[in-house]
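Here we start with a single chain on its own, the form predicted on its own, put down as structure tokens.
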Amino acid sequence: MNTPTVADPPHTHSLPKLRSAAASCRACPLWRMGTQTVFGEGGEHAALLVVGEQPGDREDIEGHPFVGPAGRLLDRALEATGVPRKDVYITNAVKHFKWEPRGKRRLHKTPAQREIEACLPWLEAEIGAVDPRVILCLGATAARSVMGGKVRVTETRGQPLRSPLDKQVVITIHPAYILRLRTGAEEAFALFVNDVAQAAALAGFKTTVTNED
């Protein structure tokens, strides 16, 4: 029996049914690396849907998206904009943690294009079920998945775009990028907050941030 190369979600707008089906996905080899499938969570009909790249080490262990260091930075940004996390749907383009060993640690490894494509039907199913007004893409992998091709974050960040799924899209950096900065992290975080606030405002939230050029 051949292993499928693209996920085949059930035809449903039920997030619990999609989450249950995704738990046994074998569309790419990453299921062998991850402890578990990490599906999206949050408001079932959220106006704002946030997409990251993939689960990290903590997410893989706990089974929830954005609960590690990058997730805490995202929480800070949402708090700064006055948007409750529970009112946002948060997910990743890839549902399993891809990693490589470094001593006793498991270090993040960027998903390959075929792994991103294999997982895309799950993301599209989530978007269809939640039906958000706006999608906020955190980083290049998320942007590529949502926009259907290669996207340069530095050239498109903060610009309202339209996705092939006919959704408004705002692209920004992944919060993990800010965590890796040796200098300028404070300024980078302030710009990140502005991007989150812009997406939230487009989605209809009243934010506590005034965007500045």
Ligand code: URA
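The first residue of the sequence shown is number 1, and the count goes up from there. Keep in mind the model is a prediction, meaning the values are calculated, not measured.
The discussion below concerns the form predicted together with uracil, not included here.
- Although the partner is absent from this view, A70 contacts uracil in the model of the complex, with a non-hydrogen atom inside 4.5 angstroms.
- Interface membership of P55, defined by any non-hydrogen atom within 4.5 Å of uracil in the model of the complex, is confirmed.
- Proximity to uracil in the model of the complex, taken as heavy atoms within 4.5 Å, picks out 47-55 from the listed stretches 47-55, 149-157, 182-190, 22-30.
- Residues of 56-79 placing a heavy atom within 4.5 Å of uracil in the model of the complex, in sequence order: G56, E59, P65, F66, A70.
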